[in-house]
Structure formats: C-alpha cells, structure tokens
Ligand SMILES: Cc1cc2nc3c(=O)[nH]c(=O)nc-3n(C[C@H](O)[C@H](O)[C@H](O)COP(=O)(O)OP(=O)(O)OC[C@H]3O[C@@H](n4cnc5c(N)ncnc54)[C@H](O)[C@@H]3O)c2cc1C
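The data below hold one chain only, encoded as structure tokens and taken in the form predicted on its own.
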C-alpha cells in the first residue's frame, strides 16, 4: 500500500497533467498513475492546434449526409471498421441521435467557450515561462479548393462570427497577405485569427517535469487493474505497481476511461478513434501558418524546424497497427491544395498513431459522478484533447475544491448516457 494523497489522477496525458498542475496550485497533494509514460496515448504527436475555431462538435447534421459514404470507405477522413462489437454498435446509435440540429446548436456555444478559455490559459502558462513549448499565435487557415468546400466554410464562418470570432476569407491570390511563403493551387481559405498552436510533445514533457518538481508523484508503468468502492465512494485503485488510495479521484484515462470505470457501473460510452501524423524537417522558406485542408480533413502544423501532417478518424478498436493506405491519403492531399509542397517519402516506421477518446455527442465528460461522488471524470475530448487540457484541468481543480465551476458543466456530466 502506497502513502495516501489528497487526489489520485488516473492518466498522465495532457488532461491529467493539466489537472495535476491546477490542483497542485491549490496546495493539495497529488499523485498520477499512468500505464505507460506521460503523453503516451494521444497527447505527444498530434498537430498541436489550439482552436476556438473548432466549435462544431464531431456529431453534427452534416456528418450524416457524408457519413455512410465516409464511414465505409477505408481511406476516407472518418472510417468505422465494421466489427461485431456491441459497444461500437451502441456508440454509433447514440452518435446518430446526437447528429441533430437541436443538440449541435446547444453544444456550439459551450464548445467555443471551453476552447477560447483554454486558449487564454495557454497564453497565461506561456507568459509564466516555466518551460518552453513553442506557443505561437499565427491563427489557423481553413483551406478549401472546391465550391462545396467554400460553401461549407462560409456557413461555419457565419456561426463563428456570431460567436465573436474574427474570420476573414482570402482567395488564393490574396493568401500571401497572411503568409508570404504560402501558395495555394486554387480556391482560398478562411483565416481564424485567434487560433494558436504549440508543440504538444514539448508541452507534455515540460508540464510533467514542472509538476514533478512541484511535488506531484508520477507513477509510470502502473496499469489500472481494478477500482474498489464502498458505500458509494471510491476507496482505492489497484494497479500493476500496487494499490493507491486518496480522498478524491480523477479519471483522465483517455480512450481507456470507459473500461476503467465500467466495474463501478458507470456508463460512459467512449470509442477510441485512431489518428496518424508524420513529421519532417521544415525549410526556412516554408510557410509558418497552421492550416486544415478542409475537404480532406488534413491538418498541417509548422513546429519550429519541423512540419507535421496529421489526420483521419478511424474507429477500429484499440489496436495501433498502421493502415498505410490511410496515411498515404494524408500525404496525397497536400499537393492537391498547395503549390511546391510535397510530403517526403516515408515508411511505416515514420508514422505515429494515437487513440483519441470520442464521446457520441462530441462533448467531453467533465464532472463528478452521481454513483461515486468522490470521482471526477475528465475524459472523452476526441480531437480536442490538447486544445482543452488547461481549461479541463482548471475545471477539475474547481470541482475537486468544492467550488461552482467557472464554466457551466451541465452538458458535460459524465453520466449523461446512463
């Protein structure tokens, strides 16, 4: 039995580390148990976008129109591998129900509030100069090259402007005014000026070192094997490194969160969604503004002397095997949009794969659980895990501290699908 702490966090991804950071600032003792190493799930090598622009949840009416075509196409941006999995079938049914205008319109203001607040917290963290993580405020370009892509971009920009986001459309001829080194083959882009980006690996590793220096005990190689409860309260967490106890528990286990708390009777549907990235050296004359190739859902982020290409959403279970057809689809999309840019040749060894934890309605789970009130959940962030890490950590610290959260978390309650 290990020495008790005030708070035990399960998971050392960006969300778990940020939760520890804000909890430690309150003076409570914190321990993290992590089955691998900090950031091992989906935090280390994603594209590092901090995006208030991503206010539309994954589940929205437009997905249904493209959904059947995409979900059964092995090289589409959003692919569901058919398999006889009751959990997947249940998740897809809930996802389909969530793809309604009513649910989407209810979620958009909250997602924007969370994204914008998290962006501001990143700015604050960068200003403290505790560690370097290449935080940069160059905005984000949503690049289109078809009439349909522009139409969809205009509709989303209209929503964004109503939320107060400064958005400017630029043509291919005007793009040099945003980034002198960028050349588009055709079409144009919507420039979301208030988006930012960072190097996710530097952030995760820097935050892990920082909180460890502040007294947070990070126990790696501690895979959770069971959770004990009594009288409605969690009493301990069993791991491959022994048993740990605390007064309060925080679940930040990413894609594995649902399985961890299933023995407690908590129904919190999450599907692991595999994404890929490939990273190469960046030449000085290359563009410096992050972008998303809208129709292909490919993200490109300059990260100092490197450039990262990433994308795809693949619901294929927990395996991390690399589907090279899907990775090649990322690379092949780039020259369709950009002049004089070609992704270098690569092999499977150059590809990173990570599992993003997706809820059916596109909103994360943040809050205490009814069945176990000393358990706070911070999971299900899908592709916004790195974006929402600081705000989630701050909310967790407020909830554990017995305060009313600074952002209304009603729509994020962990047992909303119970």
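Bear in mind the structure is a predicted one, so any value in this text is a computation, not a measurement. Numbering follows the first chain given and starts at 1.
Unshown form predicted in complex with the ligand; subsequent notes refer to it.
Just one of 82-90, 143-151, 274-282, 124-132 has residues with a heavy atom within 4.5 Å of the ligand in the predicted complex, so point it out.
It is 274-282 that comes within 4.5 Å of the partner.
Report yes if any heavy atom of residue 46 sits within 4.5 Å of a heavy atom of the ligand in the predicted complex; otherwise report no.
Yes, residue 46 is a contact residue.
Is residue 73 close to the ligand in the predicted complex, meaning a heavy atom pair under 4.5 Å apart or at it?
The answer is no: residue 73 has no heavy atom within 4.5 Å of the ligand.
Residue-level contact is defined here as any heavy atom of the residue lying within 4.5 Å of the ligand in the predicted complex; does residue 290 satisfy this criterion?
Close contact is absent here: in the predicted complex, residue 290 is far from the ligand, nothing within 4.5 Å, heavy atoms only.
Applying a 4.5 Å heavy atom distance criterion, does residue 260 contact the ligand in the predicted complex?
Residue 260: yes, in contact with the ligand in the predicted complex.
Within 4.5 Å of the ligand in the predicted complex, all of 55, 395 and 413 (non-hydrogen atom):
Contact check failed for every one of 55, 395 and 413.
Note that the ligand is not shown here; using its position in the predicted complex, name the residues of 367-390 with a heavy atom within 4.5 Å of it, in sequence order.
Sequence-ordered list: 381, 382, 383, 384, 385, 386, 387.
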